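What follows is a single chain, given as structure tokens, in the form predicted alone.
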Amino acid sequence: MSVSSLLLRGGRVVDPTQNLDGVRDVLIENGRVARIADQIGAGETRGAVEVDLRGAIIAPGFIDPHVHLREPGQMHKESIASGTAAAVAGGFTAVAAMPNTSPALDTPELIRAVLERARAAGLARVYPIAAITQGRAGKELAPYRLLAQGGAVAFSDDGSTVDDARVLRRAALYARDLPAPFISHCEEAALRAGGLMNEGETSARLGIAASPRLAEDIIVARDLLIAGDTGKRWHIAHLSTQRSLALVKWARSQGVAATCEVTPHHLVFTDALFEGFAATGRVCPPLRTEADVAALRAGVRDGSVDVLATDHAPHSAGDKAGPLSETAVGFSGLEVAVGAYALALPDLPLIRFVALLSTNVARLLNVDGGTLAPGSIADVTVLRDEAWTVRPERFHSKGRSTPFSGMRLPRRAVATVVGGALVYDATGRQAQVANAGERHPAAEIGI
């Protein structure tokens, strides 16, 4: 159920595309932003449902460029319905779904199936990312043009590195005229060699098999050189080391069309999280050192980092149980990200925060959104700067593992609007996500 007209009253509207940061009213009609003004009178709203947002932040809908929805093939970990429920609960109006499903997203038919299931769920928008190679096996090229025509917004073998440089260069040459970027998962397999954490003082003290930072850096360097050689637009996923960030900066200085992302966990935690041999700390790429964390935070502040991404990687409780060497890699991130970013970067200007989570992501993926300009799609994220405690048992995601469990975070999403429809409502007493296939009206949301 939805309403045709919605008035967001008196919130702090932050929109980088309009250089706007001020208290405004926002009128939404028929799924699009109709008007933004200091004050919109009742006579101008044609019966719109009003929502009092005094003290809240109104932003263009947040878009996560890196999530794992696990469908098809791994629905015990997550589904498109549960993953998009987690997304809207975290303030994300759209997510880009990585292709390391079973089977991998390497055919137009699979891309269309993901889009159809996302439409049926009726919550966050889903933008499929297709595989670079068939089956993500690193050998035969996927049919890029057909995949793009089917709805793929980018190409990646995420979860795996394309080890053969000749294959990757040939792929980039073949796809370089398509606007959809290549997204690199950067780990040199031989150097990683079964490492469970970052190689350093902590791994040596604990006696845990480890992966050096060089395993990431060497592939970042290789892929950026291929990007420069072929002219293909390139994005580095979940960048985690100081040197990799420096390599991205260098590539840009050489005219390479390169962008990068960082995750909430790489901005907050270090490899010290493994002191208790905690499986919640096992992630790929590994948590790094204090120097790396400091460099990534500086990169976010100075503009070197283009977008923020959760790398939401949910697993079942069984997947994260047992000896450290046998536990699954990754954890859920959509429902903690907004607060985690604010925790890591308390001094980050709000307009930059919104750009990293919305405007820049829309530009990266060439999708609608990232703006509240009149006429744009009415995808809206509403936030409040108020402390809350992470309770994984309340997650909408099927994956309840997170290193943020029990932590106090300073910012949270309180409402999410997709296409003019309220799909998430947090009243302060409870949080409600619209049922799959049903979009709730905005009346009496009490936020």
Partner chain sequence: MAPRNLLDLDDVSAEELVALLDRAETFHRDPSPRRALAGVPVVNLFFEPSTRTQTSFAIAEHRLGAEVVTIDPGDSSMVKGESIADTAVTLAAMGVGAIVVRHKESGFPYVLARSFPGHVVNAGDGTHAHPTQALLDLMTLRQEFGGIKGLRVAVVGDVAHSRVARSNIHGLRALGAQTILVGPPTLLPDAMAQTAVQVERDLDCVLPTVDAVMLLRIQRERLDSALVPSVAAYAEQFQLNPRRLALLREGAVVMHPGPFNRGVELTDEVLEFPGCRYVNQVANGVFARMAVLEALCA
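All figures in this text were calculated on a predicted structure; none of them were measured in a lab. Positions refer to the first chain, counted from 1.
Missing here is the form predicted in complex with the partner chain; even so, the following discussion is about that form.
Partner proximity in the predicted bound form, defined as non-hydrogen atoms within 4.5 angstroms of the partner chain, places exactly one of 119-127, 303-311, 317-325, 214-222 at the interface: 317-325.
When the partner chain is considered in the predicted bound form, Gly159 lies well away from it, no heavy atom lying within 4.5 Å.
Residue contact check for Phe277: one or more of its heavy atoms lie within 4.5 Å of the partner chain in the predicted bound form. When contacts are judged by a 4.5 Å heavy atom cut-off, Glu201 counts as touching the partner chain in the predicted bound form.
At the 4.5 Å threshold, heavy atoms of Leu206 reach the partner chain in the predicted bound form.
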